[in-house]
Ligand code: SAM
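Only one chain is given next, in structure tokens, and it is the form predicted alone.
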């Protein structure tokens, strides 16, 4: 296992496999990547970079987008990652629109679990947030993911003031079932005007949940976040903004869809392009050097 210069071990990667998306959510931070690129990694290039990372101690991989299920070869990508020796967990984050179609094949390919965006249970609000998405397709995708045994299923609810902050209790009640975790997520400051208008502080909500919880587990390897169990529901509260603990416990290196290591979600000035050299014939030792260069560029964005 390797660590950055701040002593933080690197155990996971978050790999974007496309910038493309079928929705256009009002809060989307695009995985911290701005500007368009048509360059995408092949399944073989993705599995190669995972193999190199695994040799350096990475154990977990999360596949993201854009919307990863837009790629017709997404099951090949999952299978390639799952087949890398040393990788113990393969997960995906998706908007869920195509999940009903793909869930069983993803499970067979080696996907362990899935995060699904679900910000509201009201079709009209869902359409507004996603700019035209159909809520029923996502609900069907969640049900299919449960059926095929993806576990756990994490529902990502980005809480926004005046839009969906009044739905938290209903969301907890609706998804109080085994194998489902509700993640309440604070808005990320990718657009300052939007952030100041819709940011909703989750501190009070977390206090209320903590008072009612019958069990609390601190996930020390996941930014110290707490998982609350109450009335059959499992709830996590994720507060990345201005959170020194979130940064202090970060164990993740990001990979952009166009083949660059991205040491921090919040920064654009320290990326390392590995795909250009990979396609020019660089061997594994050179790619490993670029990986370590990116690791050494990791530093906490929010500090005490």
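Numbering follows the first chain given and starts at 1. Predicted model, so just to flag it, every value in this text is computed and none were measured.
One more form of this protein should be noted, the form predicted together with this ligand, which is absent from this view; the next part is about it.
A.B. asks: Give a yes/no on whether residue 67 approaches this ligand to within 4.5 Å in the model of the complex, heavy atoms considered.
C.D. replies: Looking in the model of the complex, residue contacts with this ligand include residue 67, since a heavy atom lies within 4.5 Å.
A.B. asks: Looking at the partner-bound form in the model of the complex, is residue 82 within 4.5 Å of this ligand by any heavy atom?
C.D. replies: The answer is no: residue 82 has no heavy atom within 4.5 Å of this ligand.
A.B. asks: Does at least one non-hydrogen atom of residue 29 fall within 4.5 angstroms of this ligand in the model of the complex?
C.D. replies: Contact with this ligand, yes.
A.B. asks: Would you check, heavy atoms only and a 4.5 Å threshold, whether residue 185 touches this ligand in the model of the complex?
C.D. replies: The answer is yes: residue 185 has a heavy atom within 4.5 Å of this ligand.
A.B. asks: Thinking of this ligand in the model of the complex, which stretch from 133-141, 67-75, 172-180, 200-208 has heavy atoms inside 4.5 Å of it?
C.D. replies: It is 67-75 that comes within 4.5 Å of the partner.
A.B. asks: Of the options 120, 234, 93, 112, which one has a non-hydrogen atom that comes within 4.5 Å of this ligand in the model of the complex?
C.D. replies: The option sitting close enough to the partner is 93.
A.B. asks: Do any residues of 152-180 have a non-hydrogen atom within 4.5 angstroms of this ligand in the model of the complex? If so, which ones, in sequence order?
C.D. replies: Counting only heavy atoms within 4.5 Å of this ligand in the model of the complex, the contacting residues of 152-180 are 156, 158.
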